[in-house]
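Take a look at this single chain in structure tokens; it is the form predicted on its own.
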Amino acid sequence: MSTPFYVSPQQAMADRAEYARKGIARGRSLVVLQYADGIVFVGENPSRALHKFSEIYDRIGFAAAGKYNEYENLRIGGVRYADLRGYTYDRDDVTARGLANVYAQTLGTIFSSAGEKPYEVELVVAEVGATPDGDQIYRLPHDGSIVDEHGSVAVGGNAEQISTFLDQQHREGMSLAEALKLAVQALSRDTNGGEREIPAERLEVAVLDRERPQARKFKRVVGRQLARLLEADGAASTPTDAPSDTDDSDTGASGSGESGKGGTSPDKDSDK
């Protein structure tokens, strides 16, 4: 009778973590930044139909890097949680902190389960407040831990280098144009310290704008509006409710069933 091969729990967890990190590293990075009037999401994504960023609820946005089918399942689960809680209690009871806790439990359970592989995903859940002090940004790595971020956060393949750059350059009170340009500059940096050009048509940009009169604060920035922001001198930003090339038809959660919620078409990492 052969002796079963033994792997210590510490080594098994280390191997699972390394597996998940390698999967996440194959995806393109994205950044989430606070600016004067809200929170902006910026990522490189050549697809116009499949999005990296989504609306979860009125003031809550979702971003993810890694394996598409896995974080799409998490996004849908988050929409269901927000919809049910908002309908059962009150819309104000749906918060980014509560959603992050739900995601943390799910990711932690999967990561520690020997019966399935860990999810190759890293999530960002953000909520825009009535003032900048009320903004909340949570990063959730593959193991289900929660990191409370302030100012800026990067996830994906080159996240560490991008985060270092953002920590040095980001400041409070930036306009949307300034924050967008900083995000693009950070994403353009390669591992050798050089920079490459990312054209506007390869960028996906969305904002949680506290100044929007609508209850839903999530809006995509596309087309001519995005081009104007990238060309702006940084002294003033184009309002996020300025006319754009597409209608603001992002089907986020609004209390009328999941088919009318969840923000967007399924996301996709081009490297997957």
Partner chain sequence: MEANTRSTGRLPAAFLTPGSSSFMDFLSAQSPEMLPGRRSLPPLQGAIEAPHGTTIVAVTFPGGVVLAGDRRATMGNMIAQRDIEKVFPADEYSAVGIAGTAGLAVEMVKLFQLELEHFEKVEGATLSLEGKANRLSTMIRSNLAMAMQGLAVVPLFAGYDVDRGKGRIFSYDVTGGRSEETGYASTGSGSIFARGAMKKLFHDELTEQQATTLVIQALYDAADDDSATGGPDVARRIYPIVTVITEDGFRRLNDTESAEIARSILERRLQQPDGPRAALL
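Residue numbers count along the first chain shown, from 1. Only a predicted model underlies this, so the values are computations on that prediction, with no experimental measurement involved.
There is another form of this protein, the form predicted together with the partner chain, and it is not shown here; the text below is about that form.
The shortest heavy atom separation between K181 and the partner chain in the predicted complex exceeds 4.5 Å. Taking the partner from elsewhere, Y81 is found to have a heavy atom lying within 4.5 Å of the partner chain in the predicted complex. When contacts are judged by a 4.5 Å heavy atom cut-off, R202 does not count as touching the partner chain in the predicted complex. Residue contact with the partner chain in the predicted complex: I56 places a heavy atom within 4.5 Å of it. Checked against the partner chain in the predicted complex, the candidates Q161, T106, S175, Q136 yield a single residue with a heavy atom inside 4.5 Å, and that residue is T106. T88 is the sole member of S145, T131, T88, Q169 with a non-hydrogen atom lying within 4.5 angstroms of the partner chain in the predicted complex.
The three residues N73, V102 and E116 all sit with a heavy atom within 4.5 Å of the partner chain in the predicted complex. Heavy atoms within 4.5 Å of the partner chain in the predicted complex belong, among the stretches 222-230, 30-38, 203-211, 56-64, to residues of 56-64.
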